[in-house]
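One chain comes next, on its own, written out as structure tokens in the form predicted on its own.
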């Protein structure tokens, strides 16, 4: 049985992941920087991962051997205070690495993002090993993390695994400040019968993934034999690609009478540097990645139809 530590466990990805791992039978310690306001099935500890000593204490106290490090300030929110965003995204990452080496952690999962790409990445269809020149502090920090995890793997044989997530669609938590949050906001407005002001152009295509597929991808990757993995940084994956207008049409086709107004803001400039589509062949070949949710199935599930 794995003894799992999850950092950032109250965020979008962590909220679902902690439940899945706990039900799978792992011993799970969920942590975040704030108090938990909702009931959590597994054990919970308040933790600021910037505190190396506190992180080390929890790892030792619970004899942790697997870490899922999910702490991050996302793309749009990160641009409001890039120095703080770098501190949170990178110093916590380095603390996790340092503790993991000293405590002989057997596996780490750390999420990267399509924000690592830029206009030099062939955005129509981004390959696994693309030119990467990100334009946000979030993307820069994720790219730095990818380079570091490759370095730590080769220098210390540290088994750290990663996925470049596209926009994750989940209705369970509030949007966390990402450029793809529009679809979650649109879905919530639809359920409330309210009109929605979308901050991206109606035809801006981006790769997306439904939360159930995102969690499945993490479990698959973390369960894979390390010898089968040909990437020592981060894997491309996608569920499907869609535009705001395609999401709008899918919502309307399910009987929701919502009206969308397109009021583009600064997030459009960020989205213009992100992929329209990407190649996830390596993930499919190395560890059996295959999404179950396309656009229509995602909309129906998110709206509980």
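None of these values were measured; they are calculated from a predicted model. Residue numbers count along the first chain shown, from 1.
Heads up, the form predicted in complex with ligand AKB isn't pictured, but that's what we're talking about next.
The partner is not drawn, yet in the model of the complex one stretch among 216-224, 154-162, 176-184, 100-108 has residues with heavy atoms inside 4.5 Å of ligand AKB: 176-184.
Heavy atoms of residue 166 reach within 4.5 Å of ligand AKB in the model of the complex, making it an interface residue.
Residue contact with ligand AKB in the model of the complex: residue 274 places a heavy atom within 4.5 Å of it. For the chain shown alone, residue 75 is a contact residue for ligand AKB in the model of the complex, at least one non-hydrogen atom being within 4.5 angstroms. Although the partner is absent here, residue 138 sits close enough that one of its heavy atoms falls within 4.5 Å of ligand AKB in the model of the complex. Contact with ligand AKB in the model of the complex, judged by any heavy atom within 4.5 Å, is made by just one of 126, 71, 209, 114: 114.
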